[in-house]
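Coming up is one lone chain in structure tokens, specifically the form predicted on its own.
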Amino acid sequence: MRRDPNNHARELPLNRREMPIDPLSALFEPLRQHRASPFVIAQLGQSLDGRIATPTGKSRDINGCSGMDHLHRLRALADVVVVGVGTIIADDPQLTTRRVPGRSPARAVIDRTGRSSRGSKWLRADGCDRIVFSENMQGWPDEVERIGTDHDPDIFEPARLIAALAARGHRIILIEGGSSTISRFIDARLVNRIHICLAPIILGSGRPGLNLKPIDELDEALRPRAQSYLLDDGNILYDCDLHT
């Protein structure tokens, strides 16, 4: 109920009542509304000083619960999630949507020489498609699709990777990690948007979030249109449009 200027209580019409609005709803609209294929989004969680892990590779708790919830929401909206083998070896992620409602995406791992353990969590049979980009044919479960240089000599180039996933019906492609993998796709100008989650923590040393090709002048820098969102535990999430 709201009072009018004459101090009389009145009920607003239904379409004018104040309704709660999810402050993050606008963040996901580009994914929900996108019609062209493919649409590539990358995500990165890092400290205030731009580190995604300590020098020994510890990274799991940098962005806390809100950062993990956001990542799982992205997975739920994606058709396929892509990671490099370094992320598999360091974190052994499941790449599912355990923290939020929604289906888990297909999983694709870039592992040229086959370093991933054949017992890694991403290989578990759970009804999701699993793809490995690898020249190594040995030991993969029968249900896992291997894509290697016998199919395409340039398959490990970012554009070929995206084309291969799009050809299999994956319209929204999430590049989840790690740093070198995301950097390669950004350098190839294939990332439509990147979500960067900044945690209120300073590591002082460790692995950098991005390592792009060097530039000489500031006018060569990427200057995406960006929106910021404050998450519950002090993380600031930047939604950066790289194609503007």
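Don't overthink the numbering: it's just position in the shown sequence, from 1. Model, not experiment: these values are computed from the prediction.
Not on display, but discussed next: the form predicted in complex with a small molecule.
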query	finding
Any non-hydrogen atom of Val85 within 4.5 angstroms of the small molecule in the model of the complex	yes
Arg184, heavy atom within 4.5 angstroms of the small molecule in the model of the complex	yes
Contact flag, Ser180 vs the small molecule in the model of the complex, heavy atom cut 4.5 Å	yes
Any non-hydrogen atom of Arg115 within 4.5 angstroms of the small molecule in the model of the complex	yes
Segment that reaches the small molecule in the model of the complex - one of 121-129, 164-172, 145-153, 107-115, heavy atoms within 4.5 Å	107-115
Contact residue in the model of the complex, chosen from Leu31, Leu190, Leu44, Ala199 - any heavy atom within 4.5 Å of the small molecule	Leu44
